[in-house]
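Take a look at this single chain, the form predicted on its own, given in structure tokens.
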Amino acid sequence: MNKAEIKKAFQEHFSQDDPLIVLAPGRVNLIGEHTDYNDGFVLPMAIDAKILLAGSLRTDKQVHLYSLDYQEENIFNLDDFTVTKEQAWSNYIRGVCAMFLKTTPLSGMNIVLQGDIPQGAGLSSSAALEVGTALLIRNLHKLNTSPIELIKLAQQAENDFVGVKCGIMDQFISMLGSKDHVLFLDCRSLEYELVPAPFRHHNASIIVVDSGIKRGLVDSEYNLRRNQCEQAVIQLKQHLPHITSLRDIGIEHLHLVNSLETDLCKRARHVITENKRVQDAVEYLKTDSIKQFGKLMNESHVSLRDDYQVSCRELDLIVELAQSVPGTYGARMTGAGFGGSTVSLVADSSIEQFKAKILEIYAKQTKYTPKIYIYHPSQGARQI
């Protein structure tokens, strides 16, 4: 789907000319996992898979949505609407409208949307839809809402309307990603830096492998991990009274962490070392050291597997297979864990060998068929 195609689809569906068209990308997190809710650091990248939305204003208060992917229409009235169980994809758009309406009157809209972000692979199709909707509404209504305000509004839509307690990373990178850059984000202050990613310069690409496993254990285990991190902070305050989260603890204090009971020690050790890996990764990218960057990806997976214990046999197998291919700089699980995807940095000359090995051996040793996607750092949300 491109601009001309979605414009044509909009004209056919609504019998109107010249819609306003916006694009919002998905994302993959290269390193910095389970650090976000500990006020830590993350290093996501916008990918060249995206959602397109074409829209125009109406003269009434109705919002008419049409999803080309689902071939479904959804209609609601801005004066009275709630979450819907039918056509649940519309809730992300409804939620963004609800957040805008807290402070800003809106007109009705006609919207056609389509995307190529794989769903269920942990590549944030939902955040892209929220960010794209927020940008479309802002531009259609000629508002002066800042990108950071749109990011917060999109996150609130998912937290407060859809009911998913996500962090802010996904919306942040979808809005502010940049071609051939990754985004270094401080999840406490929301300070960020676009860091050049020299992957293309080295003829290398980011490969995401979807394990095929839906992340069934995430909710309960995610809440347990959050609680364990909070308990670790409470106990470590006895030695470090100034701390408010694991973000405040440096590598130099790992000897104190080692005094915690086993599970709390492991969880805290992962977060502390992962924050350091993210900071080191930024420096390696700035100095064009992608071999060292890849090594950090490998170390991150070991920590997620052994200390945070959110990997699974299938993810470990994909990572092992990826790392065994000459030309793979690094590989790790990405996302919440217990299924989902892995992310690898691979020399372009090794991609065919990488794909062949994963497709053959993973499918043989598990009951799942992997899906493999090749991405490059891409531009964030924008009107096109």
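Source: prediction; values computed, not measured. Note that the rigid core is defined as the largest set of C-alphas that superpose within 1.5 Å between two forms. Residue indices: 1-based, along the sequence shown.
Below, we refer to the form predicted together with alpha-D-galactopyranose, which is not included among the displayed structures.
In the predicted bound form, none of the heavy atoms of Val325 sits within 4.5 Å of a heavy atom of alpha-D-galactopyranose.
Using a 4.5 angstroms threshold between heavy atoms, Met169 counts as touching alpha-D-galactopyranose in the predicted bound form.
Proximity of His34 to alpha-D-galactopyranose in the predicted bound form falls within the 4.5 Å heavy atom cutoff. Residue contact with alpha-D-galactopyranose in the predicted bound form: Ala336 places a heavy atom within 4.5 Å of it. Contact annotation: alpha-D-galactopyranose lies within 4.5 Å of heavy atoms from the stretch 25 to 33 in the predicted bound form, the single such stretch among 353 to 361, 55 to 63, 339 to 347, 25 to 33. None of Tyr222, Tyr192, Phe81, Phe161 but one reaches within 4.5 angstroms of alpha-D-galactopyranose in the predicted bound form through a heavy atom, and that residue is Tyr222. Taking 2 Å as the criterion, Tyr92 does not count as shifted between this form and the one not shown: its C-alpha moves by less than this amount when the rigid core is aligned. In a rigid-core overlay of the protein, Val310 has its C-alpha displaced by at least 2 Å between this form and the one not shown.
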